[in-house]
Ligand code: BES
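One chain is shown next in structure tokens, namely the form predicted on its own.
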């Protein structure tokens, strides 16, 4: 059942619902605002509970009241906004947390008072959709949620805006688009493989008026994407390069390319991974999932720029035809690469897809990939590391990530470490030693982008979550999509 969102200008405490969420600033008392309404309806118990819990509206404080039929909502949850200025990312996170809590407590109808923030309605709509997300495709009826969240009413604080309804609809669709990334990451690898991934993207693009071209093994061979083919040769499932295009009406202001690593399953190949945790490798296509979600979102917001979404969809398996350490392969770029570790396959796939994207002559090329464990060692599993071909471009990504509320950190392209990629037998090796592993992976990718302005985002940590937090559920998160949308917004002027 899809979540139904509606908009109202009524007092939030006058709308019937299983649960109503109101947000109050620090210093709030029972003399004014929602706390005054609660105190008038419920009596002295409100002041007693506020004093008992030392609730003053500080950030992350919350207190819940049961109304016992004295108000339209059955329960009211008061959230503290703190004393600082709220941003759209704060609103999105508050909405997501409350929607997730509502799902977990069998609330079917929810009212959310949207704090007075520019863009707050859209952010709240995104948040409730992201917070209510569940992947229940493979649960039988008796294992599914008994009382899923069905209806959310958003009530803006302050004066209603004529654009609020459109903002709500856009926010809902963007939240649903990010849900596409989550669904793809959560799919089991026997259901999501290169061919089915490509078919999904074709159908999605057809529904949204986007163009989609798929290169199969024969086409990849003809074009010369030899590194991508090398990674795929150990699998019974052939690779696919998925090329999606969003074209605006009128002359595009810029041309942007977004590239995603699409390893639908990664055993490590001949350098096979240990068994514990290998089941998580179904999510090694998180970058590709993000690109699919991004293209779906672009069909909603319709920016005045041309955007190409490229996914290298491959399965890395260890059969008798698998590529080996010591092998040397050519590439679409023309460089020859010596294979060192078959479990460092993602950068090989990206190298060819980046070279393919470079041929489109974009104003910007961004790749994102669950690329290295080294990035998680450096930054933990909640933050992505990003590399940029210029400091100015790095600042653009920093601003976009901050506006989106996604945790990303600028990492250095240290040319001193480029020495580690030198090979005695070919133009370069695809891995260096373990120190600075995320950096040397980025340096390898840089070899294939030429002079194109380029950003590499290593999403290895936050692409999948082992617990729910912020706007993210357990499992696939879609981390990065909101930042990419903000970056596109900046290029749209």
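Since the model is a prediction, treat every value here as computed from it, not as a measurement. Numbering follows the first chain given and starts at 1.
The protein also exists as the form predicted in complex with this ligand; that form is not presented, and the subsequent description refers to it.
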query: Stretch in contact in the predicted bound form with this ligand, which is absent here, among 342-350, 176-184, 123-131, 199-207 (heavy atoms within 4.5 Å); finding: 342-350
query: Full three-residue contact with this ligand in the predicted bound form, heavy atom 4.5 Å, for 243, 354 and 362; finding: no
query: Listed residue (28, 431, 61, 67) with a non-hydrogen atom within 4.5 angstroms of this ligand in the predicted bound form; finding: 431
query: Of 88, 384, 372, 172, the one that lies within 4.5 Å of this ligand in the predicted bound form (heavy atoms); finding: 372
query: This ligand contact in the predicted bound form: residue 398, any heavy atom under 4.5 Å; finding: no
query: is_contact(residue 445, this ligand) in the predicted bound form, heavy atom dist at most 4.5 Å; finding: no
query: Partner contact for residue 261 in the predicted bound form: this ligand, 4.5 angstroms, heavy atom; finding: yes
query: Exercise: residue 217 in contact with this ligand in the predicted bound form, heavy atom 4.5 Å; finding: no
query: Any residue of 273-301 that, in the predicted bound form, places a heavy atom within 4.5 Å of this ligand; finding: 273, 281, 284
